[in-house]
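Just one chain is shown here, as structure tokens, and it is the form predicted alone.
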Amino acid sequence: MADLAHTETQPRALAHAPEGMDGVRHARRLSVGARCALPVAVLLGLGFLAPLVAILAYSFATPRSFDVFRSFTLANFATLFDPSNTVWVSFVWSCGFALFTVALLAVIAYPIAYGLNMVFGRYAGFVSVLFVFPLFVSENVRLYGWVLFFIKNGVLDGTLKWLGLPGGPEVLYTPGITLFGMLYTYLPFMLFPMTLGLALVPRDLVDAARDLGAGRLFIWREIELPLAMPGILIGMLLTFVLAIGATAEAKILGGQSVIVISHDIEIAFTYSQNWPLGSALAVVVTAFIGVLILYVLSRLDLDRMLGRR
């Protein structure tokens, strides 16, 4: 009887075994998308998350030590938020430079992007890529080129004197030339998203509004600007994030006449050898930029901007 019962139950077990094993294999098996994304996830984890974790850990380490993951203190943040600490002056300068850069580039880049779309139409994105070509040259090389242009007895000053005119103005090593360098450096980062944003405006809609008697200002205010706003905001956000961490412009063109926040972080990690303080400052700046990015992205309709609907 026992053998008979075992014989009857065995086919049932064999019948259910493949289904159960397939379920386990299916549960353990990664999808095709997950397997394709795994190398990218590992790369981001090693190249992006790991440094952030290290910086965050150092920010809670004992000041002027390398006791990372072995100590926990809030002394570094207390030092930063001390009213007598002047590091916030550098932060205000960086935010001011970034805001002025965004505002001025928005005014400068919009007519260029509009002209690209009007003249080149659907090829405007390709033509705007031409503005990215200077990025293939080192930023320091390009900025030192401007130093040679503006320096005393340089290109501008020497040319004016050769023509019998007064020499060029003394513009180097001032906050103004620092702002000029940032405008020059970050123009492509504002222009390219703005061009793409204006390319999303349907010309048929503009023509229909014009046929119905709408004026040029009304069309720009009610149709073109709202529809192009996602690209404009992306350009402004990208430019602000890059500009707030700018260092080379203040060093090379500005001659450190103004100390920006990225320079304070560099000083903490190099000359001062106070990695915990530099890490705490980097964490505060990163948190500020992260909150700003999340807020702006929450206000954007990325699906419409990417043409998904």
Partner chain sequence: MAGRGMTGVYGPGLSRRSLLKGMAAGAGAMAAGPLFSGSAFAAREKELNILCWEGYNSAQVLDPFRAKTGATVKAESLTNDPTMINRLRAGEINTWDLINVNNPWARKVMLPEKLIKPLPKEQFEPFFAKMLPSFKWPYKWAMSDDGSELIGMVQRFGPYSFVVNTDKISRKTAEDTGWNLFNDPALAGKYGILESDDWNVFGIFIVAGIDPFKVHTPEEMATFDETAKRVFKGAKLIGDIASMNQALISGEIDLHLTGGTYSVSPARADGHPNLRAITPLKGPLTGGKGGISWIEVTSTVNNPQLSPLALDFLKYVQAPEVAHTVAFAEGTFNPVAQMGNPDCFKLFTKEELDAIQWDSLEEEMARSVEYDIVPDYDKALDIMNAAKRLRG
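This one's a predicted model, so the numbers in the text were calculated from it and none came from an experiment. Basically, rigid core = biggest C-alpha set you can superpose within 1.5 Å across the two forms. Positions refer to the first chain, counted from 1.
The form predicted in complex with its partner chain is left out here; the points below concern that form.
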Using a 4.5 Å heavy atom cut-off, which residue among Tyr144, Trp220, Phe180, Phe77 comes into contact with its partner chain in the model of the complex?
Tyr144
Report the residue, out of Ala103, Ala208, Val89, Val129, that has at least one non-hydrogen atom within 4.5 angstroms of its partner chain in the model of the complex.
Val89
Taking heavy atoms and a 4.5 Å cut-off, does Asp264 contact its partner chain in the model of the complex?
yes
Does its partner chain get within 4.5 angstroms of any non-hydrogen atom of Leu172 in the model of the complex?
yes
Any of the heavy atoms of Met229 lying within 4.5 Å of its partner chain in the model of the complex?
no
I'd like to know if Leu148 sits close to its partner chain in the model of the complex, meaning any non-hydrogen atom pair within 4.5 angstroms.
yes
In the model of the complex: members of 30-69 within 4.5 Å of its partner chain, any heavy atom:
Leu46, Gly47, Ala50, Val53, Ala54, Arg64, Phe66, Phe69
Superposing on the rigid core, I want to see if Gly255 changes position between the shown form and the other one - specifically a Cα shift of 2 Å or more.
no
Taking the rigid core as the superposition reference, indicate whether the CA of Leu44 shifts 2 angstroms or more between the shown form and the other one.
yes
